[in-house]
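First, one chain by itself: the form predicted on its own, in structure tokens.
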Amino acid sequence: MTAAPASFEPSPALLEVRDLHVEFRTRDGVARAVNGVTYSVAEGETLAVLGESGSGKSVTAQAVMGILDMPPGRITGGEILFQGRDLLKLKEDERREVRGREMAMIFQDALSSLNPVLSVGEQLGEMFVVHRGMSRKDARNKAVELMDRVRIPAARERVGQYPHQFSGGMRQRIMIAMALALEPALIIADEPTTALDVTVQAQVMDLLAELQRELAMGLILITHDLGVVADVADRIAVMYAGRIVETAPVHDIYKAPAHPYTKGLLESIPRLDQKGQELYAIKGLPPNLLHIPPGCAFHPRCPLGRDMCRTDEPPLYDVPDGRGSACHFWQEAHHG
């Protein structure tokens, strides 16, 4: 192959993750969850990070936020630069100051993430009490403002209610409100719509996109569903077995994927013009992170797999228009 490996281009990014490695030590061995991930997010940009369960997308986000369980997790290499500072070199109290104030996270399961014995007003207001030194009364008023901002009806009447008294969609809005409380520069949303029906999913995604534009925040949207991000993301990074295997502007990746894994994910999306047809599924299973195959980790499931794929790990090759693909035969995937 004549293509050169894609190089990391320095940019005035809000967040730069560089060659990040994370592993977990277990009784059965070392699970290599993140294997050299590099990506960046600019102010006001939305990056969607896609992949099946176990691809490393959430572990990467936890490392960025500084909430990785260590042990058993361990960051073994790389840098996480946020506004020019390497977060991995900060002391824990400095890292805690960054969380919430400068970056925040929206979790997948709002019900388990919210405290069941505190009202939503207390939980929202706590951010202002701790970080801004507000009185409880002023913090409660701020909580009402936030609930209004994320369009929770009758916010002043409901601010004293508990999480179980809200629907799944409304709880997710409360999680968004909590993340927005201090107007951070970056929000990471980890599968924010997984447990919701499709109508509520669309409402939550529209709300996130609107608030992100309004506040010019950087947004990392973690999901396994390509259909969710089509109208929201600016760029997509596709992960497999702890690596980014393709990165591209959102419309380019839908139009012509340059990695067989991305192509398989796209083909597995249900389409209205294919009623009654069996859904496509990528054959096989994601690899065991304790025993990632040599060469390209996707080769046991890949329709383009050849001998060199079993032995030579592909770099992230440059693809035209500022794209990258970790496939030795990306031209065939791109034009096939």
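Because the structure is predicted, anything quoted here is derived from the model rather than measured. Numbering starts at 1 and runs along the sequence shown.
Omitted here: the form predicted together with a small molecule. The next part is about that form.
Note on the interface: of 291-299, 36-44, 307-315, 58-66, the segment with non-hydrogen atoms within 4.5 angstroms of the small molecule in the predicted complex is 58-66. None of R85, R74, H224, R136 but one reaches within 4.5 angstroms of the small molecule in the predicted complex through a heavy atom, and that residue is H224.
No member of the trio E102, F128 and G218 reaches the small molecule in the predicted complex with any non-hydrogen atom inside 4.5 Å. In the predicted complex, no heavy atom of D252 sits within 4.5 Å of the small molecule.
With a 4.5 Å cutoff on heavy atoms, E267 does not count as touching the small molecule in the predicted complex; it lies far away.
Mapping the unseen interface onto this chain, E191 counts among the residues with a heavy atom inside 4.5 Å of the small molecule in the predicted complex.
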